[in-house]
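Included below are C-alpha cells for two forms of one protein chain, each presented in isolation as structure 1 and structure 2.
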Structure 1
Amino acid sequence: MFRIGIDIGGTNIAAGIVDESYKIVEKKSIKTKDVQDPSQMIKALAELIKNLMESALVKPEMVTAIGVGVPGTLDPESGKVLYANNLGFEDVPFLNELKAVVGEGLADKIYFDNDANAAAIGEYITGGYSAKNFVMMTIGTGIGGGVIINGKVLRGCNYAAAEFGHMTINFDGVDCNCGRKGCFEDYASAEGLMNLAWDAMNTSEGAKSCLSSKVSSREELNGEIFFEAVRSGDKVAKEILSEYIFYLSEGIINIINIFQPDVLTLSGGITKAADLYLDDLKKLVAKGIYSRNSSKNTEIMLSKGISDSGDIGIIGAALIYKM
C-alpha cells in the first residue's frame, strides 16, 4: 500500500508516492508561480496525483491516503483554506474542490493540513522520537513550526497554532507582511539573515567584507556565499552571524518558555551550516530560558528523521491522516 504527499512551497509544489517504509518511490514537482490561481492549482494537483500514480503503476485501491501541506490557515471541517498570504488565498473551498476533481476512488482519501504541521509529523514519525512533547521549527524564507503534545498535533481553536514566525521580538522593528512589526521571521529566518548581511554590507565597515567583493546586489546574496565568508574568517560576516544567533535564540527561548517540550528540532537549509552556530545558540538559549536551573530541560537538535530536508514536507503530508 502507498500514500501520496504533496508539499506546496513558495517556489515549487513537490509531490511523491510514499511506501510503507516512509520512502519516496516516485516524485514530481511543478513551479508554484505557474498555478497561482486557486482553481489552476487544484487542477494541477489532481494532474500531479494522476501522473505520479501512472509513473509508479499505482492504482487507486493501492492508495491509503493523500495528504496536502498548504502554507496557511486551514479549516479541516469546512475544507477551506481560510488564509494563505504567500499564495494570495482567502476563504478558498480547497479540499472539497480537490476531491471533486480527483473523482471517486481517491476523493475520500484526501486530507490537508498546514505545511509546517505536515513537516513536523514527518519528522516525528520517521525520526522515531519517543518524546511526548515535541516542537519542530522550520527555518526557510519564513519561520514555521509544528507542535506535538502527547502524540497529537496542536492545531489551535482556529487551526492557526504554532505560527512561530509571527511573534514580535523587536517592537520597533521592520514591517512584516503579516501587518505587524519586528516579527521573529524577519530577523531569524534564512531571508532575515540575508537581509541583516546586506544591510551590514552597505556600511563603511561592511564594504571591507569579502562579501562586498562577491556580490553586488541583494538578489545575488545567498546562504552559501555568506557561510563561505564566515568559514574564511571574515570579520563582518562573523559579526552578522552573531547578531543572527541572538535573534534566533530569543525566539527559541520564547517557544521553550511557553511549551517546555522534551525536544525542539530545527530544520531547513540553513541548518546545513549549523556547525558554525549551533553550540553558541544552545548556550544563549540555556542562559535565557525561565527553567535554566531545572534538572531537566528541552533538548535542541537538528532534524534527523529524513536525510533530504526537502522530502520532509512530502512524507509528512502523506502521514497527515495519522495525527
Structure 2
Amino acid sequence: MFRIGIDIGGTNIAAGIVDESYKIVEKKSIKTKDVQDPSQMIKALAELIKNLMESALVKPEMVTAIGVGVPGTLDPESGKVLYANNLGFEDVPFLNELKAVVGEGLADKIYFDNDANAAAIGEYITGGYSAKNFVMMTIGTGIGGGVIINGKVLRGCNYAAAEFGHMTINFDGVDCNCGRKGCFEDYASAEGLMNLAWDAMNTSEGAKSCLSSKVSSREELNGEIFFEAVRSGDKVAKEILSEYIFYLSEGIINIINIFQPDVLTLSGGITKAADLYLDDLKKLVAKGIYSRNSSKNTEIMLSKGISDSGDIGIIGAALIYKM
C-alpha cells in the first residue's frame, strides 16, 4: 500500500508517493506562483495526484491515504483553510473541493494539516522516536515547530499550534514582521544570525574580521561563509556565534519549561554546523531550565538525517492520517 503526500510551500508544491518503508517512490512538483487562486490550486493538486499515480502505476485501491501540508490555519470541522498568508487564502473550503475533484475511490482518504505539523509527524515516525513527548524545532529563515504528545500531533484549535518563532523573548526588542517586538525568530533564526553578524561587521572591531574582507553587502553574507569564519578561528565570528547561541538557548529553555519534552530535536540549515555550538548550547540550556535540579530532563538532539532532504514535508504529509 502507498500514501501520497503533498507539501505546499512558498516556492514549490512538492508531491510524492510514499511506500511502506517511508521512501518516496515517485515525486513531482510545480511552482507555487503558477497557481493563482484557490480553485486553480485545487485543480493543480488533483492533477498532481493523478499524474503521480499514473507514473507509479498506483491504483486508488492501493492508496491508504492522501495528505496535504498547508502553510496556514485550518479548521478540521469544516475542512476549510482559514487563513494562509503566503497563498492569499482566506476561508477556502479546501478539503471539500479537493474531495470533489480527486477522482473515484480517493475522496474519503484525504487529510490535511499545517505544514509544520506534517514535517514533525514525518520526523517523528521516520525517525523512530519512542519519546512520549516530542518537540521538533526547525531553524530556517524563520523558526517553526511541531509537537507530538502521547502519539498525537498538537494541532490546537486551528492547526497552527507550535508557532515557536513568534514567542517574544524581548518585549522591547527589535520589530518583528508579525507586528510584535523581539520574537524568538528575530534573534535565533538563520536570518537572525546573519543580521547579528552583519551588524557586528559594521563596528570598528568587526571591520577587522575576515568576514569583512569576504563580504561587502548583507546579501552576500550566508551561513556557509559565516561558519567558515568561525572554523578559521575568527574572533569576531566566534563572539557573534556565542551571542547567537545565547538567544537560541533562551527560546529553547522557554519551550522546555513549557513542554518538558522527553526529546527536543533541532533541524534546519543552521544545524549543519552544529559541531561548532551544540555542546555549548546544551550547557546553557541545562543551566537555565527551571527543572535543572531534577534527575530527569529533556534530551536535545539533532533531527535525524531525513529532515535535511526537504522530503520530510512530503513524507510527513503522507503520514498525517496516522496522527
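In this text, rigid core is short for the largest set of C-alphas that superpose within 1.5 Å between two forms. Values in this document were obtained by computation on a predicted structure and should not be read as measured data. Just so we're on the same page, residue numbers count up from 1 along structure 1's sequence.
The first of the two structures is the form predicted alone. After superposing the rigid core, the C-alpha of residue 105 moves by 2 Å or more between the two structures. With a cut-off of 2 Å and the rigid core superposed, residue 129 has a Cα displacement that falls short of the cut-off between the two structures. Core-superposed comparison between the two structures: CA of residue 84 displaced by 2 Å or more. Relative to the superposed core, residue 72 has its Cα moved 2.6 Å between the two structures.
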